[in-house]
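Presented as structure tokens, the chain that follows is alone, the form predicted alone.
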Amino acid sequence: MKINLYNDSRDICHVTVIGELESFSEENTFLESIEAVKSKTLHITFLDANILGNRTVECLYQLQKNYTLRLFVLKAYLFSYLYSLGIYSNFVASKSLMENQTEKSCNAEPEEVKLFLQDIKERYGYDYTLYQIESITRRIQACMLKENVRGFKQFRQAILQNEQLFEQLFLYFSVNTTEFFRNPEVFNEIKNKIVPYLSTYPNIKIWCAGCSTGEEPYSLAILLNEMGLLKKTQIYATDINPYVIEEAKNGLYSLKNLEKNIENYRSSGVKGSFMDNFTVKGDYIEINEELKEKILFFQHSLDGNGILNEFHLIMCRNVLIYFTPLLQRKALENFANSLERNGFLVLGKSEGILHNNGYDFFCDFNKAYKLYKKIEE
């Protein structure tokens, strides 16, 4: 990370941040730099950052509120994240990376896409070869349209040569639709049927796979806290997308979705007040530190073979639907191997274990809500 500061003839202080603010000390350096010049009119530009820490977010929010600030960002993800928290910036869109296009169609044949995914695996280390080809193709086409690219062959070549463009495609591949206590009837069932089992253990270990921006693991933490079990619980929360992991670590959420989140909370059967778990920070809220401390967020891909731990509960909702049956089975086997004896698995409402040999590893606990129990060995 590098910070450049200079004052122009109008006495405007220009602050340019090159690179991500990847550590506590780098964030401190930025905040100290801003503290020294915050009385001036500021133009702050983030050239490479996709996500910012919660202290930096709060600094920008206060600068925007109390001082003269113009903010510029070059990454679409950061622009969207800040906007959701009530921080307004100028998105500096890059020029289309495609010029002199000769192809006229965005269409790509399945075999072409499969070869492309293999190239991505070899070039960047992300394996999408066992994802459903129709879903992946739709996301490729959406990215091509955004980048104003018509020819798949040219797009493929540019992706493999330009890491910045691959970064945009990677975000299209990552599906991040979530909310607090999503499908509250499932949380109600977990509360009434699974938590009583969990309470019998001296320590509780939970894995939220495909955690997105953190609403699901935080919802579990809220539920367990209100039932007096959080102190003996450790929640592991993983996602393939490193940007949503950092967003989840921040624990900052827009007030725009508050009404829906409160409605879900009440419908889940959890008592108390939803807002008791947050601090209001203007146009956004921050999850309480006692909840953050019980969740370990880290990047992880479900196409690997590694067993993470011996868990009592694994939640993986609305992720397997994007996998082929082969990868679904592989993930289910890994889940089974990562569960304690009699451990539980919760899938999404459109998912199941019937068509991917999942009954080799699990039996129904509540089929209507996609709750399964590991088969005793």
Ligand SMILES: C[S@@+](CC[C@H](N)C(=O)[O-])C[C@H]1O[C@@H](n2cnc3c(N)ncnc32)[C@H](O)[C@@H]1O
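Please read these numbers as outputs of a predicted model, since none were measured by experiment. We number the residues from 1 along the sequence you see.
Below: the form predicted in complex with the ligand, not depicted.
- Comment: 238 to 246 is the region of 276 to 284, 238 to 246, 159 to 167, 254 to 262 lying near the ligand in the predicted bound form, near meaning a non-hydrogen atom within 4.5 Å.
- With the partner omitted from this view, the residue of Asn148, Asn176, Asn107, Gln234 that lies near the ligand in the predicted bound form is Asn176 [heavy atom within 4.5 Å].
- Proximity to the ligand in the predicted bound form, defined as a heavy atom within 4.5 Å, holds among Asn318, Thr56, Ser338, Thr45 only for Asn318.
- Using a 4.5 angstroms threshold between heavy atoms, Gln132 stays clear of the ligand in the predicted bound form.
- Remark: Leu302 counts among the residues lining the ligand in the predicted bound form, judged by a heavy atom distance of 4.5 Å or less.
- At a distance threshold of 4.5 angstroms between non-hydrogen atoms, Lys294 is out of contact with the ligand in the predicted bound form.
- In the predicted bound form, the ligand sits beyond 4.5 Å of every heavy atom of Asn250.
- Contacts to the ligand in the predicted bound form (heavy atom within 4.5 Å) from stretch 182 to 197: Arg182 only.
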